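Below sits a lone chain in structure tokens, taken as the form predicted alone.
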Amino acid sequence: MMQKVYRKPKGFYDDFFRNPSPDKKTTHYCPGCGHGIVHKYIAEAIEDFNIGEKTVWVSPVGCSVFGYYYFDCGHQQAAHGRAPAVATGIKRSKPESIVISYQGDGDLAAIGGNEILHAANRGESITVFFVNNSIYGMTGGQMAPTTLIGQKTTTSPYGRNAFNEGHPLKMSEILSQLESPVYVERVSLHDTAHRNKARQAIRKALQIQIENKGFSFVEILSMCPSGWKVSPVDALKWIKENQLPYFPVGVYKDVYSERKTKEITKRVWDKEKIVQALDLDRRIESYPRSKPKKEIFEEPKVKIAGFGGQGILMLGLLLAESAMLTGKEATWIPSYGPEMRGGTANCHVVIKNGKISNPSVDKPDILIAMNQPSLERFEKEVSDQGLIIIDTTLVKKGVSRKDVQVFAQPFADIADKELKNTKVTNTLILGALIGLTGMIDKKAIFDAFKKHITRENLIEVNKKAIDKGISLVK
């Protein structure tokens, strides 16, 4: 009788159907890479511990970014270096889950150095697998924080120099000095004996999380033949001859037997409380139906630009807020320079009747330019038949395009002479905008003031500015 003695661990998918490659049986890793071995050990542990249904794998940027191709569990993508922070959020919101942060050396020790340090110091009950191959593998073999002294990379072609780039970071030694971590071990993949120890370390780290004892960390010295420019066989020798002398394997901290299991209380989320906390239960007031004067004003993309201090961001915020009050979807993205005042500032506002898939405004239907540099920078982006509003107090050179609607007024001068307050120049322009487009009812703007203008004595003058702006159009 035939007997199957070896098979793919059930922690993996049977077929890697998410991989866009025609080959659904093998991984995307280079020949001789160590990631496949580490993946196998983790997949075996997931199966043996029967934790596949509650495991969440967090992938940041790196060669292992496609972990979701292979593991049959939950997945979450994280920004470069941020996996420990994302893992923290998942674990705290679902403490019964098993959360794995799987990171390379460039991701964990460089860009994410702060993230891993504080997650470990807080003692988050997560498991971090740190694959150390002493190089940025995915992005072309640049020097990483763990690149060895004298090691040549694409960004250290003469070899790493300690006087110039410092010494390689020893993450296991660093994290083991902290009070909170339960288990910190460094292992290697360069021969069978060490691989067996790596397999045991991976299982122990997960066992600690299953028992909810705290933070566990396994650093794995792994092969990168492509980055090191050696053959897969020579990569094994490279670890032994180069990495091991500087990164000795061993257990750097193990207080497993001393730490008590923390009681897990599964969180039950109250939908109504979440809605209230996020301020999503505001009742939609009844406003007169807006009557956009052009089709593009029904769901416009708006860019507002000028100097910091001109109320650019507030203008966009009031526009987005008033749109939401009338039941529309709206997004607002601010962008400004490092200066408090006087630097560049702009914001993107998207208003739609349904869900917004992209909050960025690359081709605005409406441009409000409150200074000359903003008009010169963004004029060419405005859509055909779009609208450009300029404040001629500061914009002395007019709009050059002939295929757009232009509305030009000395708004700042009007605010100064007629309203006696230049700080309402932005709401004066907002009044002109709704007068020109008919896209928002005036009452919704007034109601938005209550949320964003905290000094009540300024609300009345802003209302006057809106009315004045509307009157400029007529």
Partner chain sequence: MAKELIKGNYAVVKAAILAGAETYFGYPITPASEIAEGAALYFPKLNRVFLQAESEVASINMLYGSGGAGVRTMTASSGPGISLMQEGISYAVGSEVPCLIVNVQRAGPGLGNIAPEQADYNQSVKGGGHGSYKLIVLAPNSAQEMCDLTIKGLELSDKYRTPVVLLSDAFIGQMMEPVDFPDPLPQKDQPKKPWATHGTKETMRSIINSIYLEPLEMEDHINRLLSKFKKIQENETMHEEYMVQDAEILLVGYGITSRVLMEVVEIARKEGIKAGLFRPITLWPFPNKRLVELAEKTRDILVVEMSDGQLFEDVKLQANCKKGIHSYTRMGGIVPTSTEILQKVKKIMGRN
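Quick caveat: nothing in here was measured; it's all calculated off a predicted structure. Positions refer to the first chain, counted from 1.
In what follows, reference is made to the form predicted together with the partner chain, a form of this protein that is not presented.
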| query | finding |
| --- | --- |
| Touches the partner chain in the model of the complex: residue 362 (any heavy atom, 4.5 Å) | yes |
| Non-hydrogen atom contact residue 391 with the partner chain in the model of the complex at 4.5 angstroms | no |
| Residue 79, heavy atom within 4.5 angstroms of the partner chain in the model of the complex | yes |
| Residue 37, heavy atom within 4.5 angstroms of the partner chain in the model of the complex | no |
| In the model of the complex, the residue from 210, 249, 85, 399 that sits within 4.5 Å of the partner chain by heavy atoms | 85 |
| Heavy atom within 4.5 Å of the partner chain in the model of the complex - residue from 244, 149, 333, 178 | 333 |
| Residues 9, 169 and 259 all lining the partner chain in the model of the complex, heavy atom within 4.5 Å | no |
| Location of the partner chain contact in the model of the complex, chosen stretch of 37-45, 424-432, 51-59, 401-409 [non-hydrogen atom, 4.5 Å] | 51-59 |
| Partner contacts in the model of the complex for 64-103 (non-hydrogen atom within 4.5 angstroms of the partner chain) | 65, 66, 68, 72, 73, 74, 75, 76, 77, 78, 79, 80, 82, 85, 86, 88, 89, 90, 92, 93, 94, 97 |
